[in-house]
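Encoded as structure tokens, the following chain is the form predicted alone, with no partner shown.
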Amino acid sequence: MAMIVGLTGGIASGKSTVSKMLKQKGYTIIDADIAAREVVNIGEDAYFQIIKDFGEDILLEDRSLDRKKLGSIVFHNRDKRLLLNNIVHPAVRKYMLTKKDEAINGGKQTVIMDIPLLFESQLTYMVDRTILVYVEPPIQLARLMERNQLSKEDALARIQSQMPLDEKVKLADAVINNNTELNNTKYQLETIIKKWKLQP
């Protein structure tokens, strides 16, 4: 039986860094962010539903979605965020489950589901175990402001649209503390791989 591991974190917590480490070790990563981009490409069902609900104003000249514009709408409006999530999330789940089945049929022993909103979206039923990448709130805020060139207010709006990391710690099977240097993060990841006997 293949082991399905849910990898999650908060925005700017370093989850993508851990995901890259796993990929370098030969693990199959199914990334919800990539899935979310794929399912709203021109011509996909979710793409047409978004235009229907949000109007043509959220399109770029080439008719693709203006993600920045859409992002600024939903980060500051809970109802709009729920509306968008109700379109995108089911399409993403379907995409990820298809990719998971392909990986297992291809003989993979472990499949990593990289899902930022694993707990918020109540997707733990899709995985056997969960790993949370944790970072202290002040570090998270500073990293996000620097990485995305955001004001403190905009960065906080993005962080507060997610469940606090301290709450996620209580829900995760394993926690990687990513407050310090990368070698420490790598060591914690390798400890979990050994403990859970994860084979690619």
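Just count from 1 along the sequence shown to find any residue number. The shown structure was predicted, so the numbers you read here are calculated from the model rather than taken from an experiment.
Although it is not shown, the form predicted in complex with a small molecule is what the next lines describe.
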Is there a heavy atom of Thr180 lying 4.5 Å or less from a heavy atom of the small molecule in the model of the complex? yes
Contact of Lys68 with the small molecule in the model of the complex (heavy atom, 4.5 Å): no
The small molecule contact at Arg143 in the model of the complex, heavy atom, 4.5 Å: yes
Tell me, yes or no, whether Arg147 is in contact with the small molecule in the model of the complex, where a contact means a heavy atom of each within 4.5 Å. yes
